[in-house]
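Just one chain follows, in the form predicted alone, and it is written as structure tokens.
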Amino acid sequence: MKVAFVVQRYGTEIVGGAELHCRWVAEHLARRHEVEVLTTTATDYLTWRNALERGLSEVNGVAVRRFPVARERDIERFDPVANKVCFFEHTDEEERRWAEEHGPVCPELLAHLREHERDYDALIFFSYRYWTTYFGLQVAPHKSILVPTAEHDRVLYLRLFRPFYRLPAAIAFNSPEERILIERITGNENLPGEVVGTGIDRPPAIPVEEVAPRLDLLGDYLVYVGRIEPEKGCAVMIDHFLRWQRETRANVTLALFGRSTMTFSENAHVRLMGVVPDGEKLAAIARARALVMPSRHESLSMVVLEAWMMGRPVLVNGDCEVLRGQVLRADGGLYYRRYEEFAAALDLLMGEPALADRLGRQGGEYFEENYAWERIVEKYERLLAMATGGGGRG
């Protein structure tokens, strides 16, 4: 079977989010099928600036066909329309303008799909909110699979997406909460598809014993992994942690792994570790007391899965239905909604290491039962059968 993946950015330089999710799934399905990725030449999701060579290349054994973005995002045009459609009464035309300004506008990719869609047995689109998915999926919806990666935010409620979710032959939901949310918005409780999520690619070497001296992470520490920005809840997390540390005088470090777009004061207890190789990141997680995930908007947190894969518990923002649901199903951590709950959870995790270890083991068992790659691939095979069996709505 020949399968095309369509995603807004793609490559080893994209280290997280839906793009990494897409790459891992594409690489695993490529072991069974002929896979080609259709994407843009951009690497920066804020500007959509063309940065890579157009044309056909190969990434980890997968064929990748890149097309140039027609124009970069103009903040002076995008911000006003984004603010209007998210917070005020607006027209359908303003929603269409939002889609164009949000991007990435890539007419050549769309033209390729229209001209060559018969060459592919199935199409898999990642992330509902991007121009490439919204317009690309409409080319051949009857053989398209949508991986929405939808979060509970205002964009999801735009009118232009209500009929959109009824188009694909199947939907790969990241969590039961995401499925319930999308079905509620569309007014259809029978959308075709199933809850899939993703596996985690484990590097061959994870230097658990070497990572502490190499990164100077000695003693007790917590980890955060991901984009370090206020929108991910990082500013509140740091404030909560520093308040807890002042009140308890605990000798604990919060280690932040990832790229930072916000300013904060590093000190003995809050350290910016930057981007490190996957093996070092997983080794750091394995030695941590727990992983903290403060985001309120997630469709699936891959770093939570990584923590469970490494046998460590998680502390998540309970205002995120997806994260709270994952923790409750796995019994693999704790959740909080306000500072007092955050502080009580840290007291418990730091004061009772045996409990933290047990929660981590339970999370690991849940991960193996639900997110081992053989299970993920089985689910995608079922979705591909739906897409190639003529069960679509287009």
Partner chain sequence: MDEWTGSDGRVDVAAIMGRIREKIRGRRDRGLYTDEEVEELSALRLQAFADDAGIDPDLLARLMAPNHNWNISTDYRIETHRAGPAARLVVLLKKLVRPWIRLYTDQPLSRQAQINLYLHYLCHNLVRELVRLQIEHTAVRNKLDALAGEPGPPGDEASPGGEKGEKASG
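Everything quoted here is computed from the prediction, not taken from an experiment. Positions refer to the first chain, counted from 1.
The form predicted in complex with its partner chain exists for this protein as well; it is not shown, and the discussion that follows is about that form.
Scanning L46, A51, L56, A344 against its partner chain in the predicted bound form with a 4.5 Å heavy atom cut-off leaves one residue, A344. Interface residue among R246, R71, H116, R202, judged by heavy atoms within 4.5 Å of its partner chain in the predicted bound form: R246. Residues of just one listed stretch (262-270, 158-166, 246-254, 134-142) have heavy atoms within 4.5 Å of its partner chain in the predicted bound form: 246-254. Though the partner is left out of this view, V62 does not reach within 4.5 Å of its partner chain in the predicted bound form, counting heavy atoms only. At least one heavy atom of L334 is located within 4.5 Å of its partner chain in the predicted bound form.
Using a 4.5 angstroms threshold between heavy atoms, Q362 counts as touching its partner chain in the predicted bound form. Interface membership of T91, defined by any non-hydrogen atom within 4.5 Å of its partner chain in the predicted bound form, is ruled out.
In the predicted bound form, the residues of 311-331 lying within 4.5 Å of its partner chain by at least one heavy atom are, in order, V327, L328, A330, D331.
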